[in-house]
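Here you get one chain, nothing else, as structure tokens; it is the form predicted alone.
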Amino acid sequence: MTGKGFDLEGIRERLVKRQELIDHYKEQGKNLDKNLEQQLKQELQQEHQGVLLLEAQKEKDDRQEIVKLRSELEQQQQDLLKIKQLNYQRMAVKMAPPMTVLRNAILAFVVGGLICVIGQVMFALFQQGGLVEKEASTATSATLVFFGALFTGLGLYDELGKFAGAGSIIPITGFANSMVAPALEFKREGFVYGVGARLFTIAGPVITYGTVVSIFIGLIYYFTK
């Protein structure tokens, strides 16, 4: 490579002009014309190759200025690639729906509380049916798990999750959903490698860490009672 590739002053001048052009497009939030973008990429590639060749020919003590210029060229190559990324991010931010934190918090509180109220009603009904407190509690949990799994299979629990957000992930019903949802998603892979293998994808860590924590709590209770 000769001439233009080894003209360090020319490379620096073009480096400055290109940076001004890149900064202008960044500020305007516009994408470069395809032909212009291709032209700049080719210029940068040629200049980078020329500087690399010159760096290899120089002695170690004389390379500092060349190395700095090479780093600037590499940085400009990255800046050129970032123009589209920045513009895409700006467009995504503009098109993103507005934050509704207060609404989400209220819905989560209301729906989560409503599920708990339903559980309490079930508990009272089981007690009225003749079950003692411990048996009524077990029956309530089993019933809530059943309905959580059923509604997940029918596709209704996902709709509830979209509406209620965190209110739908309360223990028991949310746990049932976390077991059934991945099993349904991978059922086409078969009952062993699909349903069986994926059944505890989300629920597995909950069971594991829940069991470990319960053991520690039990030990603390045993030695402090």
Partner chain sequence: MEDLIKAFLVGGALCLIGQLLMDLTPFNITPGHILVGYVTGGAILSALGLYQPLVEWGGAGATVPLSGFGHSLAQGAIESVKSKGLLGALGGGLEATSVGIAAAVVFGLVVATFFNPKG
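Numbering follows the first chain given and starts at 1. Being a predicted model, the structure only gives us computed values, none of them experimental. Rigid core here is just the name for the largest C-alpha set that superposes within 1.5 Å across the two forms.
We do not show the form predicted together with its partner chain, though everything after this point is about it.
Could you tell me if residue 8 has a non-hydrogen atom within 4.5 Å of its partner chain in the predicted complex?
No - in the predicted complex, heavy atoms of residue 8 and its partner chain never come within 4.5 Å of each other.
Although its partner chain is absent from this view, report whether residue 71 comes within 4.5 Å of it in the predicted complex, heavy atoms only.
No, residue 71 is distant from the partner.
Is residue 29 part of the interface with its partner chain in the predicted complex - any heavy atom within 4.5 Å?
Judged by the heavy-atom cut-off of 4.5 Å, residue 29 is well away from its partner chain in the predicted complex.
Although the partner isn't part of this model, could you tell me whether residue 190 comes within 4.5 Å of its partner chain in the predicted complex, counting any heavy atom of the residue?
Looking in the predicted complex, residue contacts with its partner chain do not include residue 190, since no heavy atom lies within 4.5 Å.
Heavy atom within 4.5 Å of its partner chain in the predicted complex: which residues of 103-122 meet that condition, in order?
104, 105, 108, 109, 110, 112, 113, 114, 115, 116, 117, 119, 120, 121, in sequence order.
Superposing on the rigid core, does the Cα of residue 132 end up 2 Å or more away between this form and the one not shown?
Result for residue 132: no, shift under 2 Å.
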